[in-house]
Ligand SMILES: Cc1cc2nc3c(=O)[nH]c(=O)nc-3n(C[C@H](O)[C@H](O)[C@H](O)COP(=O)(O)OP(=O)(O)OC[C@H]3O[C@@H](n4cnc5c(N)ncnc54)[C@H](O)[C@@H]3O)c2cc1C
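Below sits a lone chain in structure tokens, taken as the form predicted on its own.
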């Protein structure tokens, strides 16, 4: 079933021209359009389904620095500041709160890894507190269990997946941008080797700049342009329970289960890293680059079924600009929930936090997490198609770093000083396969 999501009204008419067109209305796409519009650009955002309806409304809502890859930490830190500022700038509410994130563990190995990250984080000005056994047990008193240790990251927080992307979309409209739902981008056109327009199912928009923030669809879209972008989607299932549990942390992670307070007072429950790998032609194509990651995560990933084939987001097919595309046949990726994972997650949560026994399961849903071989997104202009900027492969981290990614994209488009060093994110790094060979774009 779909995750809870606010509805936002589309603009009435597709513009004939725009300074920039953003393809994809997830959290990264809406923030890219928002920051471009704030700089006075005429922006059109096109979305094949609904704003925020795929992974941007199907995640935990965590906005964190804790345990980030060193390459992602700068953009995570900037994103927290931007989450804070957005409400004041726009008058819209994303549900963002710096509630702090709590991690508890009884594993010496896990605690040692968190301590190493804490030491690294200090070198870049990030505060995180290691907890000894007494401190961890006190902070985790709702579990009723003793803990060897933990981490509390006080400046991290959460936003509301149901309202965040719609809130940013409304802010775009206030700034004079346009937003078009049920309007799939079929491809682009070029003149003189440079991007000249975006072709949608409802017409063509003349533009010299297009940003592809297409989530799990990005790689198959890139294939139409002769761009090789290695991407694999993991099907993740989570659930929400009703309000009724008292005294729980706002956001808690353990190896067994993670729990996050929702805007309605209920909780989202999930098992970190657990998912299904649905075989698709695209996964087979990129398997050499993803094999190391799959091997590393073999304990948490399990073989899936035919969901990927049916969804069509990882197709190798070529499509035409004057005929319906796979995006129009599958407006919103809403894959089947892994019922075994939902049962296990709920049982683990009830065991970890007895107050949850006063709640009931309100909903369960699944989503496709678009991943790259190294777990870091690809953000940057593609040299082979000047004017075409890729922003995809956020590997389950896109919600929290959405504001920073959107700001960086706007910096790239306008030539402003980038909010963070863009080089670690550039898609050129994927030109080398897992075996060290250079792949052609």
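Quantities reported herein were computed from a predicted structural model and do not represent experimental measurements. Positions refer to the first chain, counted from 1.
One more form of this protein exists, namely the form predicted together with the named molecule; it is left out here, but the text below deals with it.
238 is the sole member of 76, 238, 169, 104 with a non-hydrogen atom within 4.5 Å of the named molecule in the predicted complex.
Interface residue among 373, 26, 404, 378, judged by heavy atoms within 4.5 Å of the named molecule in the predicted complex: 26. Interface residue remark: residue 86 is not counted as part of the site for the named molecule in the predicted complex, having no heavy atom within 4.5 Å. By the criterion of a heavy atom within 4.5 Å, residue 349 is excluded from the residues contacting the named molecule in the predicted complex.
Contact check for residue 399: a non-hydrogen atom falls within 4.5 Å of the named molecule in the predicted complex.
Within this chain, residue 232 is remote from the site of the named molecule in the predicted complex, having no heavy atom within 4.5 Å. Stretch 391-399 is the contacting one of 391-399, 378-386, 36-44, 412-420, since its residues have non-hydrogen atoms within 4.5 Å of the named molecule in the predicted complex. Residues of 214-250 placing a heavy atom within 4.5 Å of the named molecule in the predicted complex, in sequence order: 214, 215, 217, 221, 236, 238.
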